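Both blocks below hold the same protein chain, though in two forms, and each is given as structure tokens: structure 1 and structure 2.
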Structure 1
Amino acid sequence: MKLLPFDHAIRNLARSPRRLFLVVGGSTLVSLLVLGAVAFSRGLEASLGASGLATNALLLGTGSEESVERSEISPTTAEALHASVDGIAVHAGRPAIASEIHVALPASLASPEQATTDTASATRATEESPIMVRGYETASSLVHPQVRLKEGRWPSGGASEVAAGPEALARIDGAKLGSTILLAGEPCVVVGVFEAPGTTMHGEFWMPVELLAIITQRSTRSCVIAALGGVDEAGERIDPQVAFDDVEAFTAMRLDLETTAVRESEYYAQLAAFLAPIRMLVLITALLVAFGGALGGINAMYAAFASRVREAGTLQAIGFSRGAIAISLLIESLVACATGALMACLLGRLLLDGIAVRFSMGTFTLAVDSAAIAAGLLAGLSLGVVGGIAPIARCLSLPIPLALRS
């Protein structure tokens, strides 16, 4: 089959700039949305993956294995665990084991009066979307090596002070180091900013666990986190796997504590699986919106090819086969859509990559990685092929005499 020259297709593209714009725009939209949805999914996955360490054991209340926030355990659990398990890591003489409270609280910037009075008017604050607040102990820094203080200092015990992850601060308009914020109506001064890039902690507030217990009026803790891999009496390093088995044995023995042990990495992996429907929802929403863009593009393609029925008839009369003409039209549609897809990749890389997405458990950043780029390109090219088929078939459907008369 003799084909029409490639550059004829390219030149035909420039025939109607308005239609070209619609096709390229439609495919840009489609590609960008698919790319964004994949970046969302990948970012969430990466963040959850980075947030949990395989060498950390997480003790949760039995029955709340899938949610730290719902878990309640006794404040004495950490001590009991430390007393009976050998394999807990020790840093600078201190055991790496911390009791923490994880709770999502409404947060807002305090007005000047609220900053001074203690009679908190929580009414406005509760309208804010909740932000993850972590009550920590000094040993928390040992089990979360991803966290580093960037500015200021850690809260001193007693005073109403918090440290903030950058994304948590960014969620509250005007909040910065030194600001007073309301957490569940309680004024707290931001005395430090920490960093934990790529993890959910990047979007949390941290305050001493005793203070958070008072604010939230709870006597329980959410979890105990222990870094595994200590040394035994002989100075031999204990394998974290063995240590974890010991932790599990501890939970099995101390049924009165009603705890269950999971590896921190496993917990986050489960969380990722638990969030799969949300990721699917994001993808489906993106696809639905993309469908609109696709229809716009296909519509423009219909119009573009419909106006060329007579030309297609002429080419057939000259002796070109329908197949050759169809391929030329398909190249047109593919080139237009590929242009849109490339633009989407560029836009995605420039605009979406690294954007913080906040959710109740903290923050993660969109990851426009090669998978997201590939998905975006594929979406654009599919639009070029699938979207082109109907308009092309329509353009070539008439018998030659009728096409010539159109």
Structure 2
Amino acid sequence: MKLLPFDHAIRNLARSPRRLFLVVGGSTLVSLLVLGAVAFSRGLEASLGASGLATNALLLGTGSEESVERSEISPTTAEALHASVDGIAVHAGRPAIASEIHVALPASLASPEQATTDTASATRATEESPIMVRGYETASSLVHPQVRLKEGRWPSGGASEVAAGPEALARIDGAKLGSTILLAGEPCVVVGVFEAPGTTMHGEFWMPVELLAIITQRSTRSCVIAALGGVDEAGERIDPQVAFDDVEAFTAMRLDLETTAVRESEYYAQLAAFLAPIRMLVLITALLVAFGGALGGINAMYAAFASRVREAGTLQAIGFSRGAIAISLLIESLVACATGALMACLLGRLLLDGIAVRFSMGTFTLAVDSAAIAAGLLAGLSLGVVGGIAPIARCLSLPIPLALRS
């Protein structure tokens, strides 16, 4: 089968700039929406995966295994765990075990007048939005190595001070290092900024657990996090799996504490599975909107190819087969849609990659990685193939005499 020259298909693309713009624009829209949906899903999955460590054991209240925010355990749980399990890691002579409170509190920027008043007279300065606040202990830095102090210092005990992740500050207009914010009506000074890129902690406020317990008026803790991998009496390192088995045995024996042990990585994996319907909903919504954009591109291609019936008849009359003509027209469609897909990938890398998305657990960033780019390219190429089949079939369906007279 003799094929038409490749440059014949390329030159035909410029015959109607307006139609070419519609086809490329439709392909760009479709590819960008699919790319954005995949970037959303990949970013959420990666953020939850990086937030939990497989070497950490997480103790939660029985019945609250799916939400650390709903969990309540005794403040003495951490001490009892440390005294009963030998596999807790030790850093610089300190056991890597921390008792924490996780709670979402309304937050806003305090006015200058509110920053100098007491808690009873503090009122909301602006519309407040709930932000995840973590009450931490000194050992929290040992079980969360992803967190690094970027500016300022960590809050001191007994003072109304907080440290903030960059995305948490971004959610409050005008908040920065040194600002006074209201957390559930309590004025707190931002004395430090920490970073934990790629994790949900990047969008949290941290304050001493005792202060957060006073603000929330609770006498319990949300969880205990313990880093596994300590050493035994002989000085040999205890396998983390063995240490986790000991932690599970501790929760089974201490029924009075009413706790359940899970690996921190498994907890966030379960959370990712719980949020899977939301990720699927985002993808389906993107595909539905992309379908509308695809229809516009298909209509443009249909109009472009339908007006070239005489050209197709002429090419058949001089010896080119319908298959060769169909391949040439398909190349036109693929080149136009591939151009739109490449533009979508470029826009995605420039505009979408790294954008923070806020949800109840903190924040995560859109990840325009190889999978998202591949999905965008595949969507554009699929549009070129599927969208070109019907117009090409219509263009080549007429007999040669009728095509020449059309």
Partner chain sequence: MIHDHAKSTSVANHAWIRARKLRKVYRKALRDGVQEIVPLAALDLEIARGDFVSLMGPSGSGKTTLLNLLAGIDAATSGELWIGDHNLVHMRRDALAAWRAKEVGIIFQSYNLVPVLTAFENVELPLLLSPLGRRERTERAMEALTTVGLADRAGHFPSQLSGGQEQRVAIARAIVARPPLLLADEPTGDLDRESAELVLQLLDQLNEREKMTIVMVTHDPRAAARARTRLFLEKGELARREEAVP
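So that the term is clear: the rigid core is the largest set of C-alpha atoms that superpose within 1.5 Å between two forms. Please note that residue numbering is based on structure 1, beginning with 1 at the start of its sequence. Note that the structure is a prediction, hence the values are computed from the model and not measured.
Note that the form predicted alone is the one shown as structure 2, not structure 1. Relative to the superposed core, Gly313 undergoes a C-alpha shift of no less than 2 Å between the two structures. Taking the core as the fixed frame between the two structures, we note the C-alpha of Ala9 moving 3.2 angstrom.
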